[in-house]
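First, one chain by itself: the form predicted on its own, in structure tokens.
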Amino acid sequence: MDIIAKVQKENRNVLSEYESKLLLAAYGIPVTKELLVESDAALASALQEVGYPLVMKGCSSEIAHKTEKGLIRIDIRGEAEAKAAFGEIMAAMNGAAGAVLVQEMVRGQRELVVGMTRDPQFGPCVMFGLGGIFTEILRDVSFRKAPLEKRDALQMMGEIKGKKILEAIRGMEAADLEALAAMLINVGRVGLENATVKEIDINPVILSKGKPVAVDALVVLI
């Protein structure tokens, strides 16, 4: 992939959120609509194109934990608010190379995690489970060796303790299992077809009207 070659040429092994999502989108994985903005001049057109409400995030391959560093603003609803957020985020990045991601705000109460890790023995292994800020605490995940078929992906969904989150609950639509299965299969494909991809972390995957959308993502190379 061109994006991987570009990152390697720059002697980096971590893709920014924006670069990670470009890679995922190339494999048909649904990601947020977003634009990378590097200057005040480019901000106005980005706001118009993405539309409100929106989310703004500091985007740099040098920064892993955006929330802890105060680099995220959510539910922005106007140009003045967006301009203020842009200035604050750029200042908070403390000179790290990067820009600001202007991103559609995806609405949904259910958060999942999808990932891939390259095991020394088994090769690319796909992960699925409950996502969000409590992923590491709950550790409610399932794994399969790539390549995956649809039945493998569906079995993974049925193995997590919180599988009922995928059903129609509290007025929310049932998860689109076909779309989720395709996401898991395609994450496995990224690992199989790109030997330099060591790790993929898509967290959260938000269920918006039942459809999965990759809201944040990180790809690490060997």
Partner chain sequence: MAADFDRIFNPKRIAFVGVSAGGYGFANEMLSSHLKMGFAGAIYPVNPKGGEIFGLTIYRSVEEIPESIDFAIIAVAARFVPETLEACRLKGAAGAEIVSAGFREAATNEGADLEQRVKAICAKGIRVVGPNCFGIYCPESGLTFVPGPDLSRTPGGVAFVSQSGGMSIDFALLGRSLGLRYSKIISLGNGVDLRETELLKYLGDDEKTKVIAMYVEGVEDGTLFFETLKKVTAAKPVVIYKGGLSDAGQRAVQSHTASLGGSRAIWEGTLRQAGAVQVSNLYEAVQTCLAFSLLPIRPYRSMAVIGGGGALGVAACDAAERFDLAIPRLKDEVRDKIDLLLPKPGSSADNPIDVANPYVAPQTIAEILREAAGDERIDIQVLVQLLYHYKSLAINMGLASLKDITPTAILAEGVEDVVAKTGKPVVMVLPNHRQEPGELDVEEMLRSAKKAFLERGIPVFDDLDEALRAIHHVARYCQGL
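Here the structure is a predicted model, which means the values were calculated and not measured. Residue numbers count along the first chain shown, from 1.
As for the form predicted together with its partner chain, it is not shown, yet the points below apply to it.
**Student:** Of Glu111, Glu81, Glu104, Asp152, which residue is found within 4.5 angstroms of its partner chain in the model of the complex when only non-hydrogen atoms are counted?
**Tutor:** Exactly one listed residue reaches within 4.5 Å, namely Asp152.
**Student:** Verify the flagged residues Ala25, Pro204 and Val213 against its partner chain in the model of the complex: is each one within 4.5 Å by a non-hydrogen atom?
**Tutor:** No residue of the spot touches its partner chain in the model of the complex.
**Student:** Is there a non-hydrogen atom of Ile4 within 4.5 angstroms of a non-hydrogen atom of its partner chain in the model of the complex?
**Tutor:** The answer is no: Ile4 has no heavy atom within 4.5 Å of its partner chain.
**Student:** Could you tell me if Met127 has a non-hydrogen atom within 4.5 Å of its partner chain in the model of the complex?
**Tutor:** Contact check for Met127: yes, within 4.5 Å of its partner chain in the model of the complex.
**Student:** Verify the contact flag for Gly87: yes if a non-hydrogen atom of it lies within 4.5 Å of a non-hydrogen atom of its partner chain in the model of the complex, no if not.
**Tutor:** Flag for Gly87 set to no.
**Student:** Taking 4.5 angstroms as the cut-off for heavy atoms, does Lys145 touch its partner chain in the model of the complex?
**Tutor:** Although its partner chain is absent here, Lys145 would touch it in the model of the complex, with heavy atoms inside 4.5 Å.
**Student:** Can you tell me which bits of 192-220 touch its partner chain in the model of the complex, meaning any heavy atom within 4.5 Å?
**Tutor:** If the 4.5 Å heavy-atom criterion is applied to its partner chain in the model of the complex, 192-220 yields Lys198, Glu199, Ile200, Asp201, Asn203, Leu218, Val220.
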